[in-house]
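Quick setup: one chain, the form predicted alone, written in structure tokens, and binding and motion questions come after.
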């Protein structure tokens, strides 16, 4: 289901909150999004005529609906997309190119400033499409800080796009890119997946979305979803860096200022009635879209060493740093094996709790109860010091990004199962 279709579905279900009074893109929209997990459509925004949508994929239930699966089958759906990609067809046209603007003025987009100390207005839902010199294609999320009428500063973490840009720079060439806004939840989850370098994330997106079509860009040799809302086309400029940040990241804390590349925007294409999608930094939508694609990876790695039932990155861990893994324990070491597998699968993980199958991993009180009654710190904790973690962890060393991790084996002792039996009231 594409972004616009999903908005219409929310509207038909009377779940979409329409805000009809005029609001400011500076703090006011962000404040409203932070006050509620409901999906919003802001119909009048100061400075322009474009509507703004937010919190659209801010719950597991809505993401599942966007993929047209039941919530309990989310991990299965994502695993299937990784093993059986479906590459989109190419269309000669699409709604995303109903309007073509070569005289670029980014101020005409309702780019939001979210938090008090943010370095400026940020596009937070942009998915960048790029290709390397051999034609390997990559999709990935990147925050875009508006720094001029036609320029963004782009945060590049040392992953695939960083590699593609570095190789282009080494050849003395700027890199053609396109940033897609409003491509739908399938595209978003695909772009947030840490697939191997040679994997084209459009194949993952096609398997997730089911109806994805691409169309050729106007000013760069790339293809973008034909039914997206907005696309900005241009180049990452070789040899040019500017200060980017501060920015409020997934943990709700400020990321540091860095020297980052510049995105020169040469063309904007959009629907006639384009809706600007905003993702609140540190909000549930940000956490879910970033964290959910790690869950099938943790599942598959843990499956190698234990009988895993389910896995979830938790809201309290910002959807990134904490996980709960549920297993059917068959050997005493299964809990520790699951801990090690989770850390191996998701290197940014800071704390992981492993529980038995009778614990609801989505209920924090149940997980805490398992820790209280089935975990002994001197025996069941796995502690790692001076290890590579996440740059988003404020406790990590700011230079080396080294920190610590802890795994908690909160599973029952197989030799003393009677001690851990939960009391039941008969019917």
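Computed from a prediction, not measured in an experiment: that's the story for all the values here. Residue numbers count along the first chain shown, from 1.
Form predicted together with a small molecule: not shown, discussed below.
Within 4.5 Å of any heavy atom of the small molecule in the model of the complex lies no heavy atom of residue 264.
At the 4.5 Å threshold, heavy atoms of residue 326 stay clear of the small molecule in the model of the complex, well away from it. When contacts are judged by a 4.5 Å heavy atom cut-off, residue 290 counts as touching the small molecule in the model of the complex. Shown alone here, residue 141 lies within 4.5 Å of the small molecule in the model of the complex, counting heavy atoms only. Note on the partner interface in the model of the complex: the residue among 235, 322, 151, 155 having a heavy atom within 4.5 angstroms of the small molecule is 155.
Between the options 312, 192, 275, 349, the residue in contact with the small molecule in the model of the complex by a heavy atom within 4.5 angstroms is 192. With the small molecule omitted here, the record of contacts in the model of the complex names 282-290 of 264-272, 205-213, 282-290, 86-94, defined by a heavy atom within 4.5 Å.
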